[in-house]
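Presented below, as structure tokens, is a lone chain in the form predicted on its own.
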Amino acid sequence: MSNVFKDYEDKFPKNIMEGLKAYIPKDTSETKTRKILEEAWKEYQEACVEAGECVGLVAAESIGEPGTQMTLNTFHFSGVAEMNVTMGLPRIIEILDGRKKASTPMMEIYLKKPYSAGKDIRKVALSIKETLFSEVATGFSINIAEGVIEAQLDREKMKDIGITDAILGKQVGNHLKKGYTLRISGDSMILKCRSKEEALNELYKAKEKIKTIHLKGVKDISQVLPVRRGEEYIIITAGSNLRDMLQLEEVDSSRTTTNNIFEIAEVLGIEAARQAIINEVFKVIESQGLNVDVRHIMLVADTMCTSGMVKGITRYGVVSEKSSVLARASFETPIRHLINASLVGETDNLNSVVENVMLNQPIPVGTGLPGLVTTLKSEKKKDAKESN
């Protein structure tokens, strides 16, 4: 069988060849293997792009045309009021514009065994969810005369989440100024200002600050929802914090992901961000029942990530990096680009498509790509006569 593969090694790219070797069973006969490789070779040739093909234009049309049929909808998780996920055209725009903050950040957290089978799934979910002080307090009161802030505690909720008086005291103490003393008595937490001259607005600010103190869980994870997917349980979250999530022992770090592209780029690198762009765009298109070849999406993702950073398809992103002045001017704010180029004496070599279209010249794609590099016979004869 090794001889059969050798015959095709020069035809296929290395990664495709390795994939074929991995997927074709070792006990397959030489005749069958050759037939499989021949069919794969035919399919590979059909998938190849012709020299001079304007792939960017084809990709733009292939994504843009189905994009007009997309709905402007938001997917809502039933049973959890705060959990919405932006889908459809708004999500596509959000990704391709390269917006650093997702409108509805969320994570899909895969768990290790036995948690993935459902063991203590509620406990794990609650341990992940961020708990603020306001969630374990039933009410607040301020005594202006004594300079005291009193918070009523929900003991049952504290027990469910696993927050003790020691954890509460430590977290609140770390975030308060030195001018306060803290005491927990029964179902109350009392904060007393050492200086009786503390103004009312300062007491009010301290009360509001206490409400937002992080007590337990992963920061920025506001909601959690355990769901069954196939044979295992996963946790879907509202909010995203990939770096801290990957450090938890229960979490399967190889599969856990977020819909925040920039967070993926920061934690896992640009290659992971590129794949995330492809996955996210493809997921939205597929959920709408539309059909776009993944290679068009891959081209867009490559364009966004080619500089080593995620850049949106805007005048501040990939368009700003174009070497052609006319190509930059054709997108947005043309006067500004033309004036800036004039001030520095910038030259446009007219190497790309857009600028040649603007000047009514043949574009360097398709039949316009090759140039004739030879001297015609009639010109040779003419030159010979002139030299004589």
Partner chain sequence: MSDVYLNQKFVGTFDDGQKLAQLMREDRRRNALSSNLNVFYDEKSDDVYVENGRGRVRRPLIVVREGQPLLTEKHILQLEKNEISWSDLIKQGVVEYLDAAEEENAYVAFFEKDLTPEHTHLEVTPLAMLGMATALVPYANYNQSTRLNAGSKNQKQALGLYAANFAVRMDMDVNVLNYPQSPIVQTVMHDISEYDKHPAGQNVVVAIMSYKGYNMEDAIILNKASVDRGLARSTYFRPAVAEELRYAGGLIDEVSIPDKDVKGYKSERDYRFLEEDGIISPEAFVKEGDVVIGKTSPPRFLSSLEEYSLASSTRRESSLAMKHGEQGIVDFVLITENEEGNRLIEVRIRDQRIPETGDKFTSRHGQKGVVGLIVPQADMPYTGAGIVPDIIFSPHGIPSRMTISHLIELLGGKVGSLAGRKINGTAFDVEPEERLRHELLSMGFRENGVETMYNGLTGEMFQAKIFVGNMYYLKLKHMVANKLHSRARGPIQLLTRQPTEGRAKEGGLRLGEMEKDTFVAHGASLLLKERFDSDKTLVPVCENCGIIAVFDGFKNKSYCPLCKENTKISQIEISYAFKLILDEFKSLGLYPKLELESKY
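Here the rigid core means the biggest group of C-alpha atoms that line up within 1.5 Å when the two forms are laid on top of each other. Model, not experiment: these values are computed from the prediction. Residue numbers count along the first chain shown, from 1.
Here the subject shifts to the form predicted in complex with the partner chain, a form of this protein not shown in this document.
Quiz item: Only one of 315-323, 38-46, 358-366, 24-32 gets a heavy atom within 4.5 Å of the partner chain in the model of the complex; which is it?
Solution: Looking at the partner contacts, the answer comes out as 358-366.
Quiz item: Only one of Met70, Ala327, Ile63, Cys54 has a non-hydrogen atom within 4.5 angstroms of the partner chain in the model of the complex; which is it?
Solution: If I apply the 4.5 Å criterion carefully, the residue I get is Cys54.
Practice problem: Answer yes if any heavy atom of Ile339 is within 4.5 Å of a heavy atom of the partner chain in the model of the complex; otherwise answer no. | Solution: Judged by the heavy-atom cut-off of 4.5 Å, Ile339 is in contact with the partner chain in the model of the complex.
Quiz item: Is Ile335 close to the partner chain in the model of the complex, meaning a heavy atom pair under 4.5 Å apart or at it?
Solution: Contact check for Ile335: yes, within 4.5 Å of the partner chain in the model of the complex.
Quiz item: Would Val85, Leu96 and Ser307 all count as contacting the partner chain in the model of the complex, using a 4.5 Å heavy atom cut-off?
Solution: No, the whole trio is out of contact, none within 4.5 Å by any heavy atom.
Quiz item: Does Ala59 show a Cα shift reaching 2 Å between this form and the one not shown after rigid-core superposition?
Solution: For Ala59, whose C-alpha is compared between this form and the one not shown after core superposition, the shift is less than 2 Å.
Quiz item: Is Val319 one of the residues whose Cα moves 2 Å or more between this form and the one not shown, with the core superposed?
Solution: Shift at Val319: below 2 Å after core fit.
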